[in-house]
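The chain below stands alone, shown as structure tokens; this is the form predicted alone.
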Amino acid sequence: MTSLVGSLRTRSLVARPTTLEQCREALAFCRQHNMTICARGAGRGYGDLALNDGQALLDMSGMNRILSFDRDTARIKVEAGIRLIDIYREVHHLLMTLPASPTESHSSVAGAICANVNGKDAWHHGSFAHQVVSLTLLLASGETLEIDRSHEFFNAVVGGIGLLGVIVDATLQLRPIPSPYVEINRIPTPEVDALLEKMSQIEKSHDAAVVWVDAYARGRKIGRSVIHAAKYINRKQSESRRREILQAGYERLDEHRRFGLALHEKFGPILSLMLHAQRPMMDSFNRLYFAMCQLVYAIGRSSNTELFLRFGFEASFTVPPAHLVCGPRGYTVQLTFPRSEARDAIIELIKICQSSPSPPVTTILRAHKPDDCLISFSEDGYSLNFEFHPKKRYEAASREAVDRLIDATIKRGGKIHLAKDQVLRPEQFYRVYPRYQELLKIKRRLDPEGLFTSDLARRVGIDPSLDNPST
């Protein structure tokens, strides 16, 4: 099996259940043969969250049905392996949406819950935890547990990186929208203060936003960015017409996805070779891109109307996709920091990146709001997502820069998103997520033999045998 970025590959015994009973049989087999197991959804994670080297994987992609849909309450019950885009196919033409959906539209619902992912509307609707009404958890014993938002284990299971059991189904709260269309505004901001001032306005006036940040801009231009903001608009159309238009939108997404995968296969080595001249190449590209956005904004052509599908999801399939950008040794790092620390954090983190021999190829900023999950990434603030393509000769120096990014984030009370992590060390994880001890206490109750684990859990020092990790 492999991670999305493609720099991690492992071998595992894989079970592919299509029923709850088959899930139970897989757990019983692992208990009988003294193996650990890790549930895997769509495999869209960027690190080792759903890898379990030398042990067992429970591939939940075959459990992908919609179990019920109540239009009156706007609630949908689905099996664990269903992809987010498949929920959109069911409800979007009915003027409903699933907030907190990440750019990776083919992520599974259970994966989104375990990683507590976020979308471009994260400051507005929060992380995926806010959309979960209830779920069914299959325990190591083979029993099932119904967990709703009032349950004592809810904030441990959601965002709990799959350590407590297997999510087999979930009920999600959908939200109404006026139409499937959004107005997109692309707003260039010349430096960090202008960026934060404009973002404070965008968060009041728009429904979703994502920010391209020029991590190579220095001095008074540090934080130079282009905000891509979207707000739903009213558009009168029949349900049948919306179905027709959205079907074309889904087909377009599929075409771009296939194109991105093909590009990865054919041109990945070429891009890796080109990125040996990364600093001058990316600096020139960023200058040109910002200048073009400034020109288009100045002449009043920076806005357009398009399907939310395109704004929300298509970026993951455009050129170049994340797994192509990061290369064979690359990785992503997404860091959150409090709103009160935003200006200083952005400047400090970008300066650290600029000191690295391999600065990030792309840098994205998003706004967030907090939740109560035990090892939640979300907080009242912003995040910077860096995609690194380190050269082999610079791997140690690049890693040292990433450690400084993590330390700077921890000092400001920030977090590292585990769904995109493959670099955290135990001592860093313990500092980022001190509430992991509460998670382990619950794990001892639900999984006393340590059946559920993953490469990520082992890497960050959460011992599946439940011995107290060193702190």
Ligand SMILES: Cc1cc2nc3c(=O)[nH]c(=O)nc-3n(C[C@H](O)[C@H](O)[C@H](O)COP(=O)(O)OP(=O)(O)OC[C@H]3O[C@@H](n4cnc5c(N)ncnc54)[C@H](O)[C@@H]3O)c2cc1C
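The first residue of the sequence shown is number 1, and the count goes up from there. On a predicted model such as this, the values are computed, not experimentally measured, just so you know.
This protein has a second form, the form predicted together with this ligand, left out of what is shown; the following refers to that one.
Peer 1: Which of His206, Arg366, Arg224, His125 has a heavy atom within 4.5 Å of this ligand in the model of the complex?
Peer 2: Only one listed residue qualifies here, and that residue is Arg366.
Peer 1: State the residue from Ile161, Leu374, Ala140, Leu174 whose non-hydrogen atoms include one within 4.5 Å of this ligand in the model of the complex.
Peer 2: Contact residue from the list: Ile161.
Peer 1: Under a 4.5 Å heavy atom criterion, is Ala115 part of the interface with this ligand in the model of the complex?
Peer 2: It does: once this ligand is placed as it appears in the model of the complex, Ala115 has a heavy atom within 4.5 Å of it.
Peer 1: Does any heavy atom of Lys443 come within 4.5 Å of a heavy atom of this ligand in the model of the complex?
Peer 2: Looking in the model of the complex, residue contacts with this ligand do not include Lys443, since no heavy atom lies within 4.5 Å.
Peer 1: Give a yes/no on whether Lys415 approaches this ligand to within 4.5 Å in the model of the complex, heavy atoms considered.
Peer 2: Answer no; every heavy atom of Lys415 is more than 4.5 Å from this ligand in the model of the complex.
Peer 1: Determine whether any heavy atom of Pro390 comes within 4.5 Å of a heavy atom of this ligand in the model of the complex, and answer yes or no.
Peer 2: No - in the model of the complex, heavy atoms of Pro390 and this ligand never come within 4.5 Å of each other.
Peer 1: Only one of 186-194, 214-222, 335-343, 100-108 has heavy atoms within 4.5 Å of this ligand in the model of the complex; I'd like to know which.
Peer 2: Going by heavy atoms within 4.5 Å, the stretch is 100-108.
Peer 1: Please state whether all three residues Pro17, Leu27 and Cys30 have a non-hydrogen atom within 4.5 angstroms of this ligand in the model of the complex.
Peer 2: No, none of Pro17, Leu27 and Cys30 comes within 4.5 Å of this ligand in the model of the complex.
Peer 1: Sequence order please: the residues of 32-59 with a heavy atom within 4.5 Å of this ligand in the model of the complex.
Peer 2: Contacts from 32-59: Cys38, Ala39, Arg40, Gly41, Ala42, Gly43, Arg44, Gly45, Tyr46, Leu49, Ala50.
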